[in-house]
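Next up: a single chain in structure tokens, the form predicted alone.
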């Protein structure tokens, strides 16, 4: 392995010990509160990390797309939830293959019109599929919007010959915009509302929320009402979890981008070799793509495809050729933009992991 000083940049670095600690911590929290952990792999997309999550006690995995699910099979996963709207009967063979290789394979049903499309997929696959009914808890994306809609969709599922209702799920992604001091109360309200919706349908149905911002708070508020959580970002962390929501310590962040200063075109500005093809276009609410991980006042405030624009009080002390570790605003697309991650331990490079589910958008 090349040393950190020898690595070509930009490089995505994963701290092996911090990842392991984050996995243990979330699993222990869920175990303490009697909630299953079914982590979403969209953040890490790595078989090596999925194996660690399962070995630590995760009940199963969550994926967004069929390709992600297929890529995770070598992890040894036996229970998998596909949290996305399957609508293409042309994917029926892949659906059938996954169902046949798993002990439990659940898919999402997201609306009454989607139900019709999903039934066509199930018919083409010649399989009876277990489904989780999507509840919109405020994000305004997929899911029924109210109790009446949930009732109609559940009734339609009851008439289906191909689909079997097993539970309800939501992604409370709108919690990323909730002030940190309001999160506990909002999480408790979320559990109350979701449990009431589920109970009106069937108290025996499973309830599976999923968001790293709210995961621990939802588990603590569950009191037996939530059966599983599906967070993803917790495994690495990013500025959203650390700075905005304040649900993770900076010392626990396990993924950073190593970049090189390539130019100092004017006072107060440095250019690095990591742009939108490394950090993506995602930013914090105040427009930051990444911050220096060592605490210096260095912020990536703008990105082109191959350049990051760095400003801050420490910029004028930078030298061309200097290497800087950055914490990204949103870690999930960073992983999806790289073929490999470099694993470190105690600041030393130890191995390279291929990102098996990278680009698996189908």
Ligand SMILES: Cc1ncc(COP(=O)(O)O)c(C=O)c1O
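Keep in mind that what you see is a predicted model, and the values were worked out from it rather than measured. Positions refer to the first chain, counted from 1.
Keep in mind the form predicted in complex with this ligand is missing from the figure; the text below concerns it.
Residues of just one listed stretch (197-205, 177-185, 231-239, 275-283) have heavy atoms within 4.5 Å of this ligand in the predicted bound form: 231-239.
Looking at residue 141, you'd find a heavy atom of it within 4.5 angstroms of this ligand in the predicted bound form. Within this chain, residue 118 is remote from the site of this ligand in the predicted bound form, having no heavy atom within 4.5 Å. Of the heavy atoms in residue 307, none are within 4.5 Å of this ligand in the predicted bound form. Not displayed here, this ligand is kept clear of residue 44 by more than 4.5 Å at the level of heavy atoms in the predicted bound form. Of the residues 83, 254, 122, 131, just one reaches this ligand in the predicted bound form with a heavy atom at 4.5 Å or closer; this is 83. Note on the partner interface in the predicted bound form: the residue among 135, 95, 270, 211 having a heavy atom within 4.5 angstroms of this ligand is 211. Along 236-254, a non-hydrogen atom within 4.5 Å of this ligand in the predicted bound form is carried by no residue at all.
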